[in-house]
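Next up: a single chain in structure tokens, the form predicted on its own.
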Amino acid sequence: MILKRLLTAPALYAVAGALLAAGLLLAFLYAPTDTSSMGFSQKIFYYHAPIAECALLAFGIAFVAAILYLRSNDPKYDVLGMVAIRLGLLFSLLVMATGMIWGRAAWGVWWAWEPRLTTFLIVCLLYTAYFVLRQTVEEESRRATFAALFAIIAFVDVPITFFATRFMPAGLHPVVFGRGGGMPGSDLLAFFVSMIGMTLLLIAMLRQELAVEHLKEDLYHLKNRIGA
């Protein structure tokens, strides 16, 4: 019972807000200022990277939901996939905004056609097309099936985007983890606190949006009954 209360959207929002605030304080007060040309501007990384990870995570959730829908034909998975992609696009817009600020400070340009940025832009365009597809098919079952198939195909570009800096190291984006990359402990602490907070924020928004969609469905059925 206690665990169920802790996993409600309001509780998750509260914990996420606390962690994001803590991450912000750690980034500005504890993590050292970058010694490169970015200097103080580098601190946007502690929000930019978690937002990007959560955008890709949302698309991953939609990918799993699409597979589950095709196996079961359960409408709840269609709704989950739609909501996850909607949130993924929202986070993607924030990624683009913070990324442009990062690019201006790091490379002197607002946009560069390098591997990570280009593949991420393709991801955004693909998932935008997902909603165009949903609008063009009227019959619910066919719409859900086509949308699930499209979500699976679109997801192919997500791991390419994630590993772009490793597949094509000539790009401008640095490798944060793994060979050729790394952060000192103070940076890692600020990053992981922000990462956990951003992930919980995504989960809270996902739960809230699902609840809203269920209310819409209940209202739709109620109107049909009244009309009948």
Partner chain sequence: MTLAEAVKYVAAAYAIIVIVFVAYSMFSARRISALQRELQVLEEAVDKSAKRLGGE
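Numbering follows the first chain given and starts at 1. Small disclaimer: the values here were computed from a predicted structure and weren't measured.
Although it is not shown, the form predicted in complex with its partner chain is what the next lines describe.
Asker: By the heavy atom within 4.5 Å rule, which residue out of L80, A154, A148, L87 makes contact with its partner chain in the predicted bound form?
Answerer: Exactly one residue meets the criterion: L87.
Asker: Just one of 72 to 80, 103 to 111, 124 to 132, 138 to 146 has heavy atoms within 4.5 Å of its partner chain in the predicted bound form; which?
Answerer: Looking at the other structure, the answer is 103 to 111.
Asker: Is L94 close enough to touch its partner chain in the predicted bound form, meaning at least one heavy atom pair within 4.5 Å?
Answerer: Heavy-atom contact with its partner chain at 4.5 Å: present for L94.
Asker: Test of understanding: in the predicted bound form, would I44 fall inside 4.5 Å of its partner chain by heavy atoms?
Answerer: So I44 counts as contacting its partner chain.
Asker: Report yes if any heavy atom of L24 sits within 4.5 Å of a heavy atom of its partner chain in the predicted bound form; otherwise report no.
Answerer: L24 belongs to the contact set for its partner chain.
Asker: Test of understanding: in the predicted bound form, would F28 fall inside 4.5 Å of its partner chain by heavy atoms?
Answerer: It does: once its partner chain is placed as it appears in the predicted bound form, F28 has a heavy atom within 4.5 Å of it.
Asker: What are the residues of 193 to 213, in order along the chain, with a heavy atom within 4.5 Å of its partner chain in the predicted bound form?
Answerer: M198, L201, M205, Q208, E209, V212, E213 sit within 4.5 Å of the partner.
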